[in-house]
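Below, in structure tokens: the form predicted on its own, a single chain.
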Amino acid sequence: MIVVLSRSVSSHDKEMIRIYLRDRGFSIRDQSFGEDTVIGASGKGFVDIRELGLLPGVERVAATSKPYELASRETRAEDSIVTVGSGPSLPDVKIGGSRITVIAGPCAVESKEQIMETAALVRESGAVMLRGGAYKPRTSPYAFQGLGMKGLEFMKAAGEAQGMPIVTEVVSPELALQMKDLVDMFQIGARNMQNFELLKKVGSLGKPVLLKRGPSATIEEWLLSAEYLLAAGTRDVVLCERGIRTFETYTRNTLDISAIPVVKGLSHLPVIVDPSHAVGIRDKVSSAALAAIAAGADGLTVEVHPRPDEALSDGPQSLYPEQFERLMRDIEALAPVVGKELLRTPHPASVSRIGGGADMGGAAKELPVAFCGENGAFAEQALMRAFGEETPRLQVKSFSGIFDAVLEGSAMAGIVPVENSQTGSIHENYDLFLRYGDIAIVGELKLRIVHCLIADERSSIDSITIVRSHPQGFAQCKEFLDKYPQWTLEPATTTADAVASIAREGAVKVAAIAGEAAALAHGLKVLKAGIETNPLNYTRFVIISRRIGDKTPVPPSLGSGAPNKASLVFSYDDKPGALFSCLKILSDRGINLSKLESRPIQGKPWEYLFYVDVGIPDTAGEFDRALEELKAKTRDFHYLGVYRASL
């Protein structure tokens, strides 16, 4: 049983609650859990929950049916997000929520040079945390056991150099205290999952813990081990599925994919997967990793070595750097399909980007990110994927309001939809870039759009006479709407605005087309899900920031990877071959053209602006020279920004 205390509970009331529970036969423990202070009561005691709930200082009582009370979703309905590496020298890494976190590094720290090299390689490919063993519990007493504290010092230096928090295994309670100041996250290995004295000691230190599932452990045993950590004092536990022992011998272990959705249903704790130990065969690791993401894992921990054939531990299951890079690109492509985004963090040595970019830091991090619409809007979902669930948000009434907020400095950035895979460009927003010359694109992401028919709890499809949505929502659900020609379609500013209007009015004959998140945000029900004409329905959002002189600050959550895409606008003299000559400049420089679209120039009939998206080649000088040539051949040239494209 969990007793959640009110924020204003007095010391006296708290002690009276403890006495009340002890007198009725319970063993109690205090716990700070997220933003809540709780008292856990266990044992064979008996109490009337209603009477307990009336005591001064009690906010609510959760009587769980699970023996793992603190880890249970009955205690905490929302998903927990674990923060690792918070501090002045390292960026925050969030595990859980709407983003996929990738941890990578060697099985063991073998030398300072090896861990430094590996850290740089995995960081360049997109990993945000560094893994590696300083102490290695091995089956054979003659195998390499690790470099101990010296190896941990090497690993800490490598993590700081690359801006990555580190996670490493602790193998005994005695070592936990020695390691505390060097590690950002403790790992409890599979062999120690039920080493309860180790769990209690590590949990008492209050650091985040990565808890691997034992090779023969049931899911309940795994969650009970997490309970030991939580009960001992830590608030941050991440579960790691790494394969279990079965009769199959072809792979090292059997990856229990089903454990991912099962555990996420039972517990609020984040779940990641270690595909390297799960299969133990290098060429099978990437397939297992992608399967884990598809099954709902919050992240991965992957073994990577610059020269696996020379590795002192687990070389056969360690990826080559080029294999890891390919895996990261595949994860980036898969993430939008499962409704997530790959987490990126800024590199400490990041420098100005092509086109005069700069990192955003200091007080700017506290400013909100602007989006258009009500709570639950697709834009808000995209915002959380790009910046994290905890980022402060600023709601505005129009798309131009996003640009105004960023320009005025009331928002550090904004998120704007510009294109849909079914209905094409959102021209209104493209045109805004020409009106706001001091605004630039600094990032993008693609969000999968699943539309639902949403209405009041009392409504049914048969009772609906009016449907509200953004015009793009109507267009994307045309086949479904064609089945109900009697419905009147009413346009709204955004899909979430349409949902909010129904909630305000309490209308029972009106429905909205929007995402499920909007229904949850406004207390309405989904009459029918997945009504979009094409399930491959994605909207491309761009992240905008204000130019300051020749710099464009980049929000830290977008990471520090080199930009690989640019957006331009230009017009040209109306003469034969003019457009061809512009495109030839790009072709001659090896620059790939990914989008070309014309828009009428307001006030100039039959004259057009051309919106162009291009890839940035590895040789940045070629791109710069191409721009100079384009400026000389075109009129009304606008540089909308350079950024890292989402796949």
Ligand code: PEP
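Fair warning: this is a prediction, and the values are worked out from it, not measured in the lab. Start at 1 and count along the sequence shown; that's the residue number.
In what follows, reference is made to the form predicted in complex with the ligand, a form of this protein that is not presented.
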Could you confirm whether residue 405 comes within 4.5 Å of the ligand in the predicted complex, counting heavy atoms only?
-> no
For residue 146, is any heavy atom within 4.5 Å of the ligand in the predicted complex, or not?
-> no
Should residue 207 be counted as a contact of the ligand in the predicted complex, where contact means heavy atoms within 4.5 Å?
-> no
So in the predicted complex, does residue 492 come within 4.5 Å of the ligand, heavy atom to heavy atom?
-> no
Contact segment among 522-530, 411-419, 186-194, 461-469, judged by heavy atoms lying within 4.5 Å of the ligand in the predicted complex | 186-194
Since exactly one of 372, 158, 107, 568 fits, which has a heavy atom within 4.5 Å of the ligand in the predicted complex?
-> 107
Students should find that, of 277, 123, 268, 540, the residue having a non-hydrogen atom no more than 4.5 angstroms from the ligand in the predicted complex is 277
Contact check, 129-161 vs the ligand in the predicted complex, heavy atom within 4.5 Å, ordered by sequence, gives 131, 136
